[in-house]
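The form predicted on its own is given below as one chain in structure tokens.
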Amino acid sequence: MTVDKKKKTIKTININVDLCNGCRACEVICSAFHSEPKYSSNNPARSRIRVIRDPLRDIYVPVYAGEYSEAECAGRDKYTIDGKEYDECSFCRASCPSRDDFKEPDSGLPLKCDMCEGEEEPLCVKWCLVDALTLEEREEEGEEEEKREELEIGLESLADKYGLDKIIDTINRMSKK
């Protein structure tokens, strides 16, 4: 049995921290794009990109949301940049149970960068006036993976937080209205 390998385009946002000036335009446009309806509000907590800031030392590090992790990482390494100590979580792209970064502020559901699906390029890249964020596209051969739907990921996160029985009871109660 042979598996057909298909070429797919992989998009990556490259981050050059030396160019970032901490303007946070990337956070603003991302949160506006992901508001409901689009561009109706601006809440940086809904942004899929965050700028870790230390303005007094002129350090700005953009980090965009990655995959959801069901467990906390085992490592708690420390990084020292220009004399300031950062823990490993500061630069982690995952949404996980141990922190609230990259979680929807109202529901607690995990957020993941979707490269501004439907747009020509991610808006954070488009709005970065100093080119600290750039888009890289490359072709890779690979097998088709089954993608988990947002609903499945969201329900799994809610089940982890509240328990499956409570979710089922709530859905049953809502369906009777």
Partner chain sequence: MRYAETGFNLEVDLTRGNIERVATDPADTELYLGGLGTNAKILWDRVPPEVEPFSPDNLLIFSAGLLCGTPATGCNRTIVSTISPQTLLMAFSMMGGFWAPELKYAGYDKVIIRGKSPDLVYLWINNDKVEIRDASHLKGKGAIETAEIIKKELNEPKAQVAAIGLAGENRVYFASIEQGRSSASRGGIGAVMGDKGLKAIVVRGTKDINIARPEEYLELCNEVLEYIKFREENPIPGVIPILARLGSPQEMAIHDEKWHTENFMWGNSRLRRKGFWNEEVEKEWTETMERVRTRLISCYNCPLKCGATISVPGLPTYMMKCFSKLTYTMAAMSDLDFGFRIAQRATEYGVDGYSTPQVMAFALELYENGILTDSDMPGLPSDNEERFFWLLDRIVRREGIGDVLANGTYWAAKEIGKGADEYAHNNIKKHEQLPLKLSMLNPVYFLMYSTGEKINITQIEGQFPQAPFPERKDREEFVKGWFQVPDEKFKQYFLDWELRGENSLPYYPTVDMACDIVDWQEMMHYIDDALGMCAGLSSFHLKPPYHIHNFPKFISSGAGIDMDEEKLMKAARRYRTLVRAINIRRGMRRKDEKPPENHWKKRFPELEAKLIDAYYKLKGWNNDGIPTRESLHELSLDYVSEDFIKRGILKDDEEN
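Positions refer to the first chain, counted from 1. Predicted model only: the values in this text are computed from it and were never measured.
There is another form of the same protein, the form predicted together with its partner chain; it is not shown, and what comes next is about it.
**Q** Are Y68, G154 and A159 jointly within 4.5 Å of its partner chain in the predicted bound form, each by at least one heavy atom?
**A** Zero of three within 4.5 Å in the predicted bound form.
**Q** Closest heavy atom of G118 to its partner chain in the predicted bound form, within 4.5 Å or not?
**A** G118: no contact with its partner chain in the predicted bound form.
**Q** Does any part of N42 reach within 4.5 Å of its partner chain in the predicted bound form? Heavy atoms only, please.
**A** Looking in the predicted bound form, residue contacts with its partner chain include N42, since a heavy atom lies within 4.5 Å.
**Q** Any of the heavy atoms of N21 lying within 4.5 Å of its partner chain in the predicted bound form?
**A** Taking the distances in the predicted bound form, the answer for N21 is yes, it comes within 4.5 Å of its partner chain.
**Q** Are any of the heavy atoms in R138 no more than 4.5 Å from a heavy atom of its partner chain in the predicted bound form?
**A** Outside the cut-off, so no.
**Q** What residues, if any, in 41-67 have a non-hydrogen atom within 4.5 angstroms of its partner chain in the predicted bound form?
**A** Going through 41-67 in order - heavy atoms within 4.5 Å of its partner chain in the predicted bound form - the hits are S41, N42, N43, P44, A45, R46, R50, R53, P55, L56, R57, D58, Y60.
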